[in-house]
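Coming up is one lone chain in structure tokens, specifically the form predicted alone.
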Amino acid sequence: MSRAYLGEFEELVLLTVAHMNGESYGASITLDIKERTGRTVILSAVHVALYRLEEKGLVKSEVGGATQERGGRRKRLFSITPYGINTLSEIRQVREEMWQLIPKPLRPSVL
């Protein structure tokens, strides 16, 4: 199977799902991305990304148990699939190879 194309936001969501190791859900992913990147993140955008990632086979989800803190509502918990792990590894490899091509020290070009 060829690697799935991911946009930058989908990649952030997938990385967050990977490091939360099966305990991630929409609100926790939203908060984590906000804290790590300092950017505005909208919960509905995270949900859309999660559903796209699930359609691509990069994450899977299951409904967790009801909790009192959530008023008896259940969370949909996401975890990364083996295909998702492989895709992240390939993306990382491409980025590292491209960073190696940049001359050191990096200087702005003069035109």
Partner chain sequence: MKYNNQPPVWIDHYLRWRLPAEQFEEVQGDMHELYALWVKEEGKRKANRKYLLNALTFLRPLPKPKFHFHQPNYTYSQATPFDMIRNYFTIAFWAMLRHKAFSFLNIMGLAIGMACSILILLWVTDELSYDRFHAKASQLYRITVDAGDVKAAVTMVPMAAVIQAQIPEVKSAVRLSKYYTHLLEVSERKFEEQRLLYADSNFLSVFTFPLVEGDAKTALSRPDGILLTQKMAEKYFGTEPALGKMIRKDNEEQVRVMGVLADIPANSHLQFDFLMPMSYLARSDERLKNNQWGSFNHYTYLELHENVSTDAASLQKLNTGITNIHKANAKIKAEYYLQPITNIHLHSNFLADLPGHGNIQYVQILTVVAIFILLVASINFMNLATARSARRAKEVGLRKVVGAKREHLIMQFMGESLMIAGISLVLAMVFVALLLPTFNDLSGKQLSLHFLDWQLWLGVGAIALITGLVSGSYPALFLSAFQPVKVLKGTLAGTHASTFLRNGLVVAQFVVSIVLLVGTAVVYNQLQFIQHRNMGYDKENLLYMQMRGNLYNQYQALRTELTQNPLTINFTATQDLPADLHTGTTDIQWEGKDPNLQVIFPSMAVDENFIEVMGMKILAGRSFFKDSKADKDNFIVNEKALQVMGMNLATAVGKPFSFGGTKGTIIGVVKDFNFKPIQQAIEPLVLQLNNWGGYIVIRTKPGQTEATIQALEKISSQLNPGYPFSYNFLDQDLANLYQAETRMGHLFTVFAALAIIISCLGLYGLSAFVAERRTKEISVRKVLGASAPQLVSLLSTDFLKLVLIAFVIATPLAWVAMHQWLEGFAYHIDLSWWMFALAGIAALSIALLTVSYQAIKSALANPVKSLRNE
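Positions refer to the first chain, counted from 1. On a predicted model such as this, the values are computed, not experimentally measured, just so you know. By rigid core we mean the largest C-alpha set that fits within 1.5 Å across both forms.
Not pictured, yet referred to below: the form predicted in complex with its partner chain.
**Student:** Is it the case that I85, even though its partner is missing from this view, gets within 4.5 Å of its partner chain in the model of the complex, heavy atoms only?
**Tutor:** So I85 does not count as contacting its partner chain.
**Student:** State yes or no: in the model of the complex, is some non-hydrogen atom of R39 no more than 4.5 angstroms from a non-hydrogen atom of its partner chain?
**Tutor:** Answer no; every heavy atom of R39 is more than 4.5 Å from its partner chain in the model of the complex.
**Student:** Residues V48, E69 and K75 are flagged as a possible site; in the model of the complex, is every one of them within 4.5 Å of its partner chain by some non-hydrogen atom?
**Tutor:** Every listed residue reaches its partner chain in the model of the complex, so yes.
**Student:** Rigid core fitted, is the C-alpha displacement of P82 between the shown form and the other one 2 Å or more?
**Tutor:** It does not, since the P82 C-alpha is displaced less than 2 Å between the shown form and the other one after the core fit.
**Student:** C-alpha of Q68: shift of 2 angstroms or more between the shown form and the other one, rigid core aligned?
**Tutor:** Superposed on the core, Q68 moves its C-alpha 2 Å or more between the shown form and the other one.
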